[in-house]
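In structure tokens, the next block holds one chain alone, the form predicted alone.
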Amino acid sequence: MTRLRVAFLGPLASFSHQATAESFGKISADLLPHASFAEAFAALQQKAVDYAVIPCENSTNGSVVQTLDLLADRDDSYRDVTVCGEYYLTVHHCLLARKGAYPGGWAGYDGSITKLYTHPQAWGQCETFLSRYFKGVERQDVSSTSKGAEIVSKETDEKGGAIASRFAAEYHGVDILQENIEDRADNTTRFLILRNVLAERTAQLEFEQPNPPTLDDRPTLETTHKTLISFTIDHSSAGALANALIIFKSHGLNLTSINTRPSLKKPWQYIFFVECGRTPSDENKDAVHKALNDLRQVTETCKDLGTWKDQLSANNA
């Protein structure tokens, strides 16, 4: 079989690259960086790639609105793109420096770093560490944490440091002065794995392994399935949203999240994204199909965005 092609949000050694490398680690695949979320979606729609791995939410920062906007697909540009899996990446930040700049590592650090580089979101995630050891040091925003590591790797004179992952440090060949400098150890990003529903070669591949894995030998519950559905309603009709949401309960579907994005058709009208879960059984095997049929009776538009195996359910025992 020809090697799979998997798109991710670049550059190389970004957290998206790391998530893609880990989720496709046991599969023969070429990992292809893309400059934007939209480029990755377009490549998938055009079958230039087989899969795309896109961040959808962070445990502390919430939903990634760019991903929701692309899934909303207001102009029908990505009508064949569907969700088929997910991957959870625990985000750990490291303080990096040019190779050999501080031979003793953190123990030998002399306080001479004059500028730090990282993606804007990383500053807030590492504020406790930065306030303690780098108060007053210049902070330079860059396009990604990986870019910060790359800049530091090429320095010759400036005493700079970067905040990025161990993955980026190894890729760019820089030293790690201190690991796990983030404020919250449970800082996690969830990535959606997308495919084109018309691509036959990806129809059989499933992402079944629980991630993160269980930490002990406890018996696990049967893996649940998640489904993502988007819909719009008549905002002028009293109870329209309640009428839509009660359908999920009536079919035994457990709502796990609700998000909205502007419809761009009229001000203050929205597209609703509902994620729901169920443990597969003979009794509920048609639950999603029946729920979608009922939703179409009470919504203006309704779209099934995919069903996949819940990678956290194995930890719920």
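In case it trips you up, residue 1 is the first one in the sequence shown, and so on. Predicted model, so just to flag it, every value in this text is computed and none were measured.
Just so you know, the form predicted in complex with another copy of the chain exists too; it's not on screen, but the next bit is about it.
Colleague: Of these, Thr232, Thr188, Ser153, Gln178, which has a heavy atom no more than 4.5 Å from another copy of the chain in the predicted bound form?
Modeller: Answer to the contact question: Thr188.
Colleague: Tell me, which of Gln46, Ser28, Ser36, Ser59 has a heavy atom within 4.5 angstroms of another copy of the chain in the predicted bound form?
Modeller: Contact check passes for Ser59.
Colleague: Could you tell me if Ala238 has a non-hydrogen atom within 4.5 Å of another copy of the chain in the predicted bound form?
Modeller: Output for Ala238 is yes: heavy atoms within 4.5 Å of another copy of the chain.
Colleague: Check Val137 for me: does it contact another copy of the chain in the predicted bound form (non-hydrogen atoms, 4.5 angstroms)?
Modeller: No, no contact at 4.5 Å.
Colleague: Heavy atoms within 4.5 Å of another copy of the chain in the predicted bound form: does Thr202 have any?
Modeller: Because no heavy atom of Thr202 falls inside 4.5 Å of another copy of the chain in the predicted bound form, the answer is no.
Colleague: Is Arg184 close to another copy of the chain in the predicted bound form, meaning a heavy atom pair under 4.5 Å apart or at it?
Modeller: Heavy-atom contact with another copy of the chain at 4.5 Å: present for Arg184.
Colleague: Go through 241 to 249, 118 to 126, 101 to 109, 144 to 152 and give me the stretch that gets within 4.5 Å of another copy of the chain in the predicted bound form, heavy atoms only.
Modeller: Residues of 241 to 249 come within 4.5 Å of the partner.
Colleague: Taking only heavy atoms into account, state which residues of 28 to 56 are within 4.5 Å of another copy of the chain in the predicted bound form, ordered by sequence.
Modeller: Stretch hits: zero.
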